[in-house]
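Structure 1 and structure 2 below are two forms of the same protein chain, each written out on its own as structure tokens.
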Structure 1
Amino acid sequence: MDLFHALSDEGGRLSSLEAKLAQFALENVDFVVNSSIIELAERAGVSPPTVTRFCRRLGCQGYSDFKVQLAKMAYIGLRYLKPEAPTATAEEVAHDIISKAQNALFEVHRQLDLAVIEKAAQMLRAADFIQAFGASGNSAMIVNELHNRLFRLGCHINASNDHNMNLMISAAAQPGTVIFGSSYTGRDMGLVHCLELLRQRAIPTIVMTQNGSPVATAADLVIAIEMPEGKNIFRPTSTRYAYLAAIDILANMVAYADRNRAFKSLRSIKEELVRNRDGDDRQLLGD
């Protein structure tokens, strides 16, 4: 049963009184879940029989079943029932996106444990090989960006975005390998399984995730990042900017941990780009 769409009455099946009840239920989820049928009828300005017919019209067995289904619907979060009113113009959207990105950068600067960043950089620089695990879109982007940043510094690194591949890599990892994992929520149980396996095999692990989460608990070193998401479900997550900034800080520290090695690799890459693509040295190191 998709109760939310039934309450939204996109097909126009509900009577005027039932539509009134549906709107009331969507706007007062907590009250309805905790009220009796008489209390709801009085508050919504309808009769108890109207409430009963309404519940059955929605596909529920009765009022009690309706309250159970409504509670389940609310479990995913009220912002997915009553989303924040979207901004209307390109100017408003641009301001919203950029201000949230700025806030994310300010917050990550405030909360990052720089001693942990420094330790992580030393671990990555000393590794014979780095495996970076991420999945589910955002974390896949983060580990791909770590690969993009570190290979040019002379690090041997591979990024994997597939849970089954991550598991096989974990099972085959050899001493000298360091594993880096990314999980915005810290609830990626596939990554948790890999980290637990790696711990059993004494392979060191670093994760970028929420502190105290299952992923954080399973790792050796945690770069903790926690960002409030707000109510606008249509806006891309601003947490990405915090993670990208943390990756840039980490990569810069890796470069400084062995400047000669990083310099040699960067110069070699730039020489090929100037010779074969740019014609001068003013362009980016990449594309």
Structure 2
Amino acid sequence: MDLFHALSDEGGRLSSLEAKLAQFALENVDFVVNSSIIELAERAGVSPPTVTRFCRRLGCQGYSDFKVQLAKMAYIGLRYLKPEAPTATAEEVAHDIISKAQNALFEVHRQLDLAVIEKAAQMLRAADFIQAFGASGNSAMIVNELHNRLFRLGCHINASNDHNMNLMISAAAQPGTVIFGSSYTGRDMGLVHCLELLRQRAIPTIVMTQNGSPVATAADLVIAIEMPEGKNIFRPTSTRYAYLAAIDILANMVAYADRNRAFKSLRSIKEELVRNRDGDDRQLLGD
């Protein structure tokens, strides 16, 4: 299933020649994918049976299956291994940003604890009112997005990125309110203060952040996302894609938690939009 991690050999389960093969495969995906077992064996300096055993140990059916899996994987997930080359041309920048974003999506899919997402969706669904806190541009985008997705479903939600305001909101929150917080780093101390206050007041909190961070510790339910950070300061982090996907999944689960309400709400928005625009039904909910 997860060939990439098998190839990375974190558990050290591979023998020395197998590790050599793994490294060779990671570095020469294209070659491997287009070669016969004999060519690969020769090039990597091992015998064909060793290659077959290697494939089996990785959880594949055999060599052909390995090639297929590798080809599937090649598009995603692989580039983490390659050192971050400073890029300059538009082609390079585009390629780099796209593949990092895809990696981030791949990673978040692997990491997301769906049981936690479902729990969070239930809490949000059941809430009388949702307050979404996130600051600093990135998390602000995330909570705005949550607002954008949830108000359509008929949820009562407010998004805010003003720390002082958040503190007042936290102090005034009524039972029935659920607070959602986002922080990539988990070190948004303004958010931590709010969460502590909310815990004292027994208002339930959900956060999307790094596990083990101050924000995570201060919250009731943690949607944990850990992303490796790039080194290129000119480049925004690809973590945003991961968070955005997590929000999408969460919002979708909220919708499914009460399809009827969501459907009715979406439908009236749609009708109103169609009436007010040019009557073209193909349009999106939101531009």
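Rigid core (definition): largest C-alpha set, two forms, superposition within 1.5 Å. Predicted model only: the values in this text are computed from it and were never measured. Counting starts at 1 with the first residue of structure 1 and goes up one by one along its sequence.
Structures 1 and 2, same chain in two forms; the form predicted alone is found in structure 1. A movement of the C-alpha atom of A245 falling short of 2 angstroms is seen between structure 1 and structure 2 when the two forms are aligned on their rigid core.
Aligning the rigid core leaves the CA of S64 displaced by 61.6 Å between structure 1 and structure 2.
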